[in-house]
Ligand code: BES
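For reference, the chain that follows is the form predicted alone, supplied as structure tokens.
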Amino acid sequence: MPVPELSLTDRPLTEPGPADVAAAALLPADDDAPPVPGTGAVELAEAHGVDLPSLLARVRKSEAAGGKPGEVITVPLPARTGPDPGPVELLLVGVGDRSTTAYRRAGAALAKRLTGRRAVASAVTDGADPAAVQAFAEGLALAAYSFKRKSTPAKPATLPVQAAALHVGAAADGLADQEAALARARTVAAAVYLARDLTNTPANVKDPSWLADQAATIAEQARLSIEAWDVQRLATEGFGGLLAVGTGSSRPPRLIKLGYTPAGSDGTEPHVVLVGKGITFDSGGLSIKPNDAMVPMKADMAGGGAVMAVLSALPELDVRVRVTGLVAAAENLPSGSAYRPGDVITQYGGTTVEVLNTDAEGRLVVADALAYADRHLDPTVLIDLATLTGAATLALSRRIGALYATGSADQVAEALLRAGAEAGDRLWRMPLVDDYRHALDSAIADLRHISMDRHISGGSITAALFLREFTGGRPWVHLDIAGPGKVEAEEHEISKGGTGFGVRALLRWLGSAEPVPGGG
């Protein structure tokens, strides 16, 4: 489904128009007082003969709603006649403390109540606040996402809302800022939709070659550079991690490289390299997963999908740093040619690794891409996204991503934590415990890729320590998104299935005035 059409309007909501639903804010009140209607709500209700204050007093007594983010009161309105009969329903949407999070959740709640509706005209946001406009619009658009592969057309009553007009006063200051905020919301929502679509596509369609084809389409549309390594080139250049993981499948691996250079570049900008894990299906290989754990593994490329989606949005957002995206794509299957526990493989750059569990494959492909970036791309900072460990999910749930960073990337890590909190991709910094590094020592190779020390159970930490070995000592941030990258239930603007986690945080950070402190 496409992103809903988002626009601004100064047309009074009381006038007839193309929207079949009108929405206004509902503000919480102190103590036992009824919630307070926001701008335009009373006037709209009066125009249709509804005594809104009395209605809200009754609602408060019944404890049905109090203006919290996501609470919605439905007020039926008498239908008008004419070519544009106007809204037949008024939705009062709680906005809580009117923070960006509250507005985002209000937009999401509105979208869910608009299923089967054609269009909405909304005065929920504070028209003078561009940040509120962007947050509300993003929440509405992202909650309207749907992914279906059914053979019959969807019934109109099940379709998400198609259009939303956000109301601002005719004399509102900063209209240009509001338009820019809405444009950012459209671009960010489209990027998240792309990441979700890539993640949700079934693995019988989605293989490494298909992912490379999607990257080529993105590059053409967004005016990016692109390069893709086929299996012969991967072998020639020594990408041993990708080759080992992909050798059990008849559909060979790929390394995908997308590049963005800002307009007017003089070559002195900081260079951010994003690396995404692109395992298009993970059976566990010979260390095979149970069936229930295998079913969602089409989403094991969520990190790679997020990297591709971020790159797709950079020209529209006019990001002022150079960004390269690397997606290490492979399919991990068992077969007579699959790599085995006990194998020793040679990663890109020459490091030898003893494989102890073929279901810990993601770190092997990401390691190849990190080593390539270190040797050839001269990054100011390296950032990888990977659905890497169940341990991160156990530590932080399926709602929060784990962030690890080297000391030289402390400023970037703090900026990403702030960006994630502002944008709706929550991150939590985890420790890189150097005392655990010895658990990766191997008697026969430079490293082993998982810890076999029964006294060390920090699986997410040791996975991060393994990846750090391939960064060349450069500033590096690792995002383990195994929890929030794919979820089993929707919540607010987060969709069931692939969530596009990381896209909003990275775009918020990359679009900031100084995304790479000290870079250049």
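Quick caveat, the model's predicted, so the values are computed rather than measured. Start at 1 with the first residue shown and count on from there.
The same protein has a further form, the form predicted in complex with the ligand, not shown here; the description that follows concerns it.
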Checklist entry - Every residue in 347, 368 and 447 with a non-hydrogen atom within 4.5 Å of the ligand in the predicted complex? => result no
Checklist outcome for this item: Among 215-223, 257-265, 352-360, 232-240, the stretch whose residues bring a heavy atom within 4.5 Å of the ligand in the predicted complex is 352-360
Next on the checklist: Residue-level question: is residue 482 within 4.5 Å of the ligand in the predicted complex, judged on heavy atoms?
Outcome noted: yes
Next on the checklist: Please determine whether residue 390 contacts the ligand in the predicted complex, using a 4.5 Å cut-off between heavy atoms.
Outcome noted: yes
Item to check | the ligand contact in the predicted complex: residue 168, any heavy atom under 4.5 Å | outcome: no
Checklist entry - Could you tell me if residue 425 has a non-hydrogen atom within 4.5 Å of the ligand in the predicted complex? => result no
Checklist entry - Since exactly one of 338, 319, 413, 297 fits, which has a heavy atom within 4.5 Å of the ligand in the predicted complex? => result 297
Checklist entry - Given that the ligand is left out here, which of 429, 289, 438, 118 has a heavy atom within 4.5 Å of it in the predicted complex? => result 289
